[in-house]
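Let's start with one chain on its own, the form predicted alone, as structure tokens.
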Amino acid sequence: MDNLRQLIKKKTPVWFMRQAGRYLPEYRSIRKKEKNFIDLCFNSSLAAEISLQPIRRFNFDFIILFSDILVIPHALGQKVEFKESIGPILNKIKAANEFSLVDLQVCLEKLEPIMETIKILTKEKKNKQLIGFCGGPFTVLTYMFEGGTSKNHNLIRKKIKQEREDFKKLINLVTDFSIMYLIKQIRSGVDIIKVFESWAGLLDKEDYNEFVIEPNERIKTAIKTSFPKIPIIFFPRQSSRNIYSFMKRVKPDVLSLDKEVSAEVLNVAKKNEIILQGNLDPLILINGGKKLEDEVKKIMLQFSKNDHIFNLSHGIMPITPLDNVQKTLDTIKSLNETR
């Protein structure tokens, strides 16, 4: 945590979710070398190169490991494919006990190529901090049950209500495996961990407490027990009023925010020494122009009394113009010099 707080005292640092990805022409060139996206995640040399591409082009303050949250179901034995213009396709889980006999240590060995990527990056990162990550347990399970991205998430909702005890066992298994995976990332060389709970907003208060807060709290406790100084970023996306329970229970080192943020969140974060991360709308980044510049200035002012990392409210989109990314970084740099 010390290195991160020292950096924030000097300036508002910046990185973008999915900063290593399809908006970069150099990424699209490499992407052609692996037919299946999941294979690209397990190609250590290419994954390391992709992780470094946005650093070389834009000099972001952090390197984000190039991988995917769905390497966890892949390692657990579920078939995972990515189809162009569709996204991830998984063989749907039919019963919660399908993974009751898996050996998590054997599954973890399947993720060794990702550890090799991290080791390559630790040699190349210079003065940058390297961010590793996993998906939040509930978010990963939504993909495992729904078989990919879903519009209504009916299958996961049904499982929670009709097979609650079995669902608890499965989310505990995914949480256990996520902890093992994150600890191995830290031992391999990452400096910061992020947990992407992208579908947290699906749940009402009772289910949110049980299937978002409790697993994330367990991840935080386990990581801090072994590595008390490692910063952990949590992104409980679209949590609405549940965000206050999350902040109180999980006590994140860094809280990544949606595009809407209240003064109350700012105050609670400041009082509890939580670093905030966010929260430029990716659509504004695409459109650019004066509105982009004004929004960057607004965000910098809004978070000026908090410890803050500038980022997006969600991942950068493939059609984002490179000039708009550079303009955002230039605006942040200019404002940093005058603060």
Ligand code: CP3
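Note that residue numbering begins at 1 and tracks the sequence as displayed. Everything numeric in this text was worked out from a predicted model, so none of it was measured.
In what follows, reference is made to the form predicted together with ligand CP3, a form of this protein that is not presented.
Asks: Looking in the predicted complex, any heavy atom of residue 88 within 4.5 Å of ligand CP3?
Replies: Because a heavy atom of residue 88 falls inside 4.5 Å of ligand CP3 in the predicted complex, the answer is yes.
Asks: Please determine whether residue 60 contacts ligand CP3 in the predicted complex, using a 4.5 Å cut-off between heavy atoms.
Replies: Contact check for residue 60: no, nothing within 4.5 Å of ligand CP3 in the predicted complex.
Asks: Does any heavy atom of residue 242 come within 4.5 Å of a heavy atom of ligand CP3 in the predicted complex?
Replies: No - in the predicted complex, heavy atoms of residue 242 and ligand CP3 never come within 4.5 Å of each other.
Asks: Should residue 22 be classed as touching ligand CP3 in the predicted complex when contacts are defined as heavy atoms within 4.5 Å?
Replies: Flag for residue 22 set to yes.
Asks: Only one of 68-76, 242-250, 163-171, 185-193 gets a heavy atom within 4.5 Å of ligand CP3 in the predicted complex; which is it?
Replies: Of the options given, it is 68-76.
Asks: Could you tell me which one of 145, 208, 133, 99 places a heavy atom within 4.5 Å of ligand CP3 in the predicted complex?
Replies: Going through each option in turn, the one that passes is 133.
Asks: Pick from 300, 64, 55, 280: which residue has any heavy atom within 4.5 angstroms of ligand CP3 in the predicted complex?
Replies: Selected residue: 64.
Asks: Looking in the predicted complex, is ligand CP3 within 4.5 Å of a heavy atom from each of 18, 31 and 198?
Replies: Looking in the predicted complex, the three residues 18, 31 and 198 all sit within 4.5 Å of ligand CP3 (heavy atoms).
Asks: Which of the residues spanning 265-304 lie within 4.5 Å of ligand CP3 in the predicted complex, based on heavy atoms?
Replies: Not one residue comes within 4.5 Å of the partner.
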